[in-house]
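A single chain comes next, written as structure tokens; it is the form predicted on its own.
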């Protein structure tokens, strides 16, 4: 992950609603959840949730799949891992204390 994408991704996560969406989608696992369900779960209107889901999709943290009139969103666990790796390896230079939190 390059610095520009890392900054955009951290920026996307710095919003409370977006962070709640990420947490919700992580708990949903690989099956994902429909946009309306996500909106309800995080206490957002459907249009607000759509705005935030688009911002997360733009960074690659979530992926969208349209099935007829329903859009299902899934967390991209690989993207989450790449962001964590960027933070640990690039920013923290593999500091042993920082890495010990992950084991």
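Positions refer to the first chain, counted from 1. Here the structure is a predicted model, which means the values were calculated and not measured.
We do not show the form predicted in complex with the DNA, though everything after this point is about it.
For residue 60, no non-hydrogen atom is located within 4.5 Å of the DNA in the predicted bound form, even though that partner is not displayed.
In the predicted bound form, no heavy atom of residue 30 sits within 4.5 Å of the DNA. With a 4.5 Å cutoff on heavy atoms, residue 41 does not count as touching the DNA in the predicted bound form; it lies far away. Although the partner is absent from this view, residue 51 contacts the DNA in the predicted bound form, with a non-hydrogen atom inside 4.5 angstroms.
Shown without its partner, the chain has 46, 47, 48, 50, 51, 52, 54, 66, 68, 69, 70, 71, 73 in segment 40 to 73 as residues with a non-hydrogen atom within 4.5 angstroms of the DNA in the predicted bound form.
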